[in-house]
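So this first bit is one chain, no partners, the form predicted on its own, shown in structure tokens.
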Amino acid sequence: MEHGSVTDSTASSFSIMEEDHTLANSVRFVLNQDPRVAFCGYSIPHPADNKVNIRVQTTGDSAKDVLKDSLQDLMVMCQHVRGTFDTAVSDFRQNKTAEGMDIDLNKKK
């Protein structure tokens, strides 16, 4: 959902349902890295509500387009982190056997 002026597309507020600080802070961080963003912030109206309001003001581009671009950038970042993590776990499992980890397999509790 978008709240903004019909005549000025450079400033808008967006409401995202069923989300919290985890997504909102990540989106805010990515938006603030974009040179097209003049201001970005978020709020959660009430702790009991699973709703986040994100405010975006740009230097000229449409706030909606800038938000979409930032969400795409965040998805790419998450995919990279996930891929790096999965590779590290796979490498660890291949290189670390029970014998190499100094574990006494015959020890009884």
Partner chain sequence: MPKKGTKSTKGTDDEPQQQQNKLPDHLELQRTRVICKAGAPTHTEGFQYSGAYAAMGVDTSVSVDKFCMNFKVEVKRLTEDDMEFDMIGVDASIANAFRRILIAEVPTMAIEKVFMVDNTSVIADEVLSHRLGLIPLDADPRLFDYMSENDVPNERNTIVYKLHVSCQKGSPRLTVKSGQLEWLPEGSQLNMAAPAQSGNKQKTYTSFSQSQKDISKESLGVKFKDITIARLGPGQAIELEAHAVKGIGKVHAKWSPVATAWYKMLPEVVLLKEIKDDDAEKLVKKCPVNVFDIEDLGNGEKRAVVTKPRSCTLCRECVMGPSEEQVRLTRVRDHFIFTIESTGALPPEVLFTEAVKILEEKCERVISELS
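Bear in mind that the values here come from a model prediction, so they are computed numbers and not experimental data. Residue numbers count along the first chain shown, from 1.
Just so you know, the form predicted in complex with its partner chain exists too; it's not on screen, but the next bit is about it.
Remark: residue 61 does not count among the residues lining its partner chain in the model of the complex, judged by a heavy atom distance of 4.5 Å or less. For residue 32, a non-hydrogen atom is located within 4.5 Å of its partner chain in the model of the complex, even though that partner is not displayed. Mapping the unseen interface onto this chain, residue 72 counts among the residues with a heavy atom inside 4.5 Å of its partner chain in the model of the complex. Residue 16 belongs to the set of residues with a heavy atom inside 4.5 Å of its partner chain in the model of the complex. Taking its partner chain as it sits in the model of the complex, the stretch 60 to 92 comes within 4.5 angstroms of it through a non-hydrogen atom at 64, 67, 68, 71, 72, 73, 74, 75, 76, 77, 78, 79, 80, 81, 82, 84, 85, 86, 88, 89, 92.
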